[in-house]
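Shown below, as structure tokens, is a lone chain in the form predicted alone; questions about how it binds or moves come after it.
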Amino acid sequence: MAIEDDVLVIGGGLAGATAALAAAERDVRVRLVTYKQSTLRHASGLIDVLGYAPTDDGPLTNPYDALESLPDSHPYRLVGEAAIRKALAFFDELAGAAYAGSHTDANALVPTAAGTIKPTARYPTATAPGLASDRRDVLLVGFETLPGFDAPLAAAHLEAAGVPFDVRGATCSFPGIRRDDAKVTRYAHLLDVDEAIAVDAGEIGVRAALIEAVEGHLEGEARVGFPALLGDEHADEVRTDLADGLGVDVFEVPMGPPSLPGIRLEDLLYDALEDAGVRVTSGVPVVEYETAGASEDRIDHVVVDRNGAQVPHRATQYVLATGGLVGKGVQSERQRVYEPIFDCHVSHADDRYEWFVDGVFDEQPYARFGLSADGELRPLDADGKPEFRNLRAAGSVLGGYDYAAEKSGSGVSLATGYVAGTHAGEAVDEVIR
């Protein structure tokens, strides 16, 4: 017997979680099934709407001004500006005080661990004091045992980028950690619990020890940036203690994976799913599907593999949010590019040598591989007709855009997840009524 729900979302990243939460707004039964660990913990935790446009070389000041310059197939053109704004408002309500940036349409400029500036629409509160538009001088602090963040090099890159403040970098020992391969979660845990460490005078909390290690490097800077590891469960408390002890504003610089801001965002979303009554089933790949009787354009149920057992899940509406080429939601072989669960059409050149160009930094065709969709985000077949009446797609499984070049990945996931989930919930609601 199949497990019954009203809406079944396949995929547990930002797009899938947003779709499930948006569908749950209609007071319908929603389940989210996910196979692999969410990609959120590998992401920066920033919500980028659109940092760069195809027709503009520089970072965009206002992403909404550039929407009309995007191709018609771009997911943003499919859902429209009003839906993007609604999705961001939806996120703002979910995130509450954990995120900033809702006060303006303009992109914020966030320094990264590489010393570049990233335009973004929403950013963790822990990042806010570090914005590049702030003219106060900055000291960046790295740690000898953390190779992913070279503070002096990042500072030099920021100066070369022309930031409107003086910035220096210093490298310290992190109290209580001597191993080079310690995970960022180990640093965060030590700060969360303020673990006591041995010093010449006895014992001292790791927060106080870190303050002692850093304060000697300060030369009047008003802000200190640390790699993003300042606590997990008690991150606000850790940052406040460090700021009070150093007498300056303290901020986090987003790091590469694994990413604590990404983990915090994942926790925020999954707590919201639990509060909304969304059932989450993890570690189960969808391995096949069946259509409804003689109807080939309506999905009846899907089958997941649970430790070798084939378990059917039936829903009225489905949302596909399994990711793009990186997340394996879109896959390729020598002769074709395909979507592996429902075999939805993926447009691509027949000649595989046209899938890419030689220049490493040139625009690569494969970066735009994914599903085409209509205004409700129903995947379209090769003739431009919906593949299934009750299937919608969200996030990077959609094609027609290059999220890495545009800095639009999380914004597209948020907007399309919101639209797909809302349509799915409304469709169920109409049937119930």
Partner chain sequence: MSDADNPTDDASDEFEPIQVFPEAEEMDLRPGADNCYKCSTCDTNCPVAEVDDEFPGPKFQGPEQWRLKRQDDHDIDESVMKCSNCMRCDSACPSSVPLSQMHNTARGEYVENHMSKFSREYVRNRILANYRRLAPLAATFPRTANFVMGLSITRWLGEKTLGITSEREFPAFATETFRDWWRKRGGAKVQNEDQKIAYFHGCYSNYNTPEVAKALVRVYEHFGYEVLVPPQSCSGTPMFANGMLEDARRAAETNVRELAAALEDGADVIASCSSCSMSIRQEYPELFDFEDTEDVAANTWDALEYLRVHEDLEGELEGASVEGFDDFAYHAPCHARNQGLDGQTVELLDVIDGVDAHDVGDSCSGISGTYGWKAENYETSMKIGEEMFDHMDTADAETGLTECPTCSMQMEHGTGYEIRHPLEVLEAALFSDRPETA
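In this text the structure is predicted, and so the values were computed from the model without any measurement. Residue numbers count along the first chain shown, from 1.
One more form of this protein should be noted, the form predicted together with the partner chain, which is absent from this view; the next part is about it.
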Inset, instruction - Can you check 257 to 265, 157 to 165, 102 to 110, 136 to 144 and let me know which stretch has heavy atoms within 4.5 Å of the partner chain in the predicted bound form? - result: 257 to 265
Inset, instruction - Could you tell me if all three of R41, E233 and S282 have a heavy atom no more than 4.5 Å from the partner chain in the predicted bound form? - result: yes
Legend entry - Contact assignment for the partner chain in the predicted bound form, among A349, A89, A309, V357, heavy atom within 4.5 Å: A309
Legend entry - Position in contact with the partner chain when the complex is considered in the predicted bound form, options E195, D300, E237, E212, heavy atoms within 4.5 Å: E195
Inset, instruction - Give a yes or no for G176: in the predicted bound form, does one of its heavy atoms lie within 4.5 Å of a heavy atom belonging to the partner chain? - result: yes
Inset, instruction - Indicate whether the partner chain has at least one heavy atom within 4.5 Å of a heavy atom of V326 in the predicted bound form. - result: yes
Legend entry - Proximity of A182 to the partner chain in the predicted bound form, heavy atoms at 4.5 Å: yes
Legend entry - in the predicted bound form, Q37 touching the partner chain (heavy atom, 4.5 Å): yes
